[in-house]
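One chain comes next, on its own, written as structure tokens: the form predicted alone.
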């Protein structure tokens, strides 16, 4: 009897010892921080941008001022003003500016208008991150003087701007020809195609040959995307 009781008690002791011990594990929660605002990223300092106004764009700027002011101030939350003495458009961040990159986007938008782009086209710089403006001069491609330069500018535009519009529509870009300077607004790949076509025209290629190349390249671009 006694031996049976001793065996039972030893079994109980063993059973108790085999039960797993409950250990309380403390799970540390990750800290949650609110996203920093534009003025907090720069340690409270206000950031500025200044865009010079060329003399020939002063009157168009006065006429289209509200169309420029509205998207910059109300949508991008950037302060904008015209410094009449320095003849520059000044931009600065506000306390409620959602993103610090908005300042540079607005500066690019105003700069595109100064280069001669329409507001309808330039405002796309505020909406899309992939757009940019590429500028070059005719003398960068080929040194031309006198009537040769005039004929090259004529080839770029075409009769009534037909050639320029054809390149714009085929490459989905916008082109401004200001004397000997050429500005192209669009995506990187599209700008490259448009620039190659413009360079061919400057070097003397007839418009028909450029059109046929454009058709092939634009079809290839359409297949890729």
Partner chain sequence: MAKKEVGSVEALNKLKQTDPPLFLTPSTELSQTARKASQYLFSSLKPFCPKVYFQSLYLDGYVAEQIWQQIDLQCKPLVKKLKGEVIEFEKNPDEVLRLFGVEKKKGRGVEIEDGDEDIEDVGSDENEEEGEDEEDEEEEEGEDEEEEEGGGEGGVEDRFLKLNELEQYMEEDEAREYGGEVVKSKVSKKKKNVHEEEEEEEEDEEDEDDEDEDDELGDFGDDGEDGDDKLGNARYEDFFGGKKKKSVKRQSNIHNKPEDEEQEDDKGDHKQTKESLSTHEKELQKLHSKIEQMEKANLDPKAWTMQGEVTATKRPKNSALEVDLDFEHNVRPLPVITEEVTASLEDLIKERILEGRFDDAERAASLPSKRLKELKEMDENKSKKGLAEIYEEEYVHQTGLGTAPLSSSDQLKKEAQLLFDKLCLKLDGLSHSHFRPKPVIEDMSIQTNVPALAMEEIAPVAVSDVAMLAPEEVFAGKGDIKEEAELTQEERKRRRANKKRKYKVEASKRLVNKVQGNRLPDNSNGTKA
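Residue numbers count along the first chain shown, from 1. As the structure is a computational prediction, the values presented were derived from the model and not from experiment.
Here the subject shifts to the form predicted in complex with its partner chain, a form of this protein not shown in this document.
Answer yes if any heavy atom of residue 63 is within 4.5 Å of a heavy atom of its partner chain in the predicted complex; otherwise answer no.
Heavy-atom contact with its partner chain at 4.5 Å: present for residue 63.
Given that its partner chain is not shown alongside this chain, does residue 120 nevertheless sit within 4.5 Å of it in the predicted complex, heavy atom to heavy atom?
Yes - in the predicted complex, heavy atoms of residue 120 and its partner chain come within 4.5 Å of each other.
Residue 127: heavy atom within 4.5 Å of its partner chain in the predicted complex?
The answer is yes: residue 127 has a heavy atom within 4.5 Å of its partner chain.
Does its partner chain come within 4.5 Å of any heavy atom of residue 165 in the predicted complex?
Result yes; residue 165 sits at the interface with its partner chain in the predicted complex.
Which of these residues, 49, 192, 57, 183, gets a heavy atom within 4.5 Å of its partner chain in the predicted complex?
The residue from 49, 192, 57, 183 that makes the contact is 57.
Looking at its partner chain in the predicted complex, do all three of 67, 173 and 187 come within 4.5 Å of it through at least one heavy atom?
Yes, the whole trio is in contact, each within 4.5 Å by some heavy atom.
Given that the partner is absent here, state which listed stretch (148-156, 75-83, 127-135, 88-96) has heavy atoms within 4.5 Å of its partner chain in the predicted complex.
It is the stretch 127-135.
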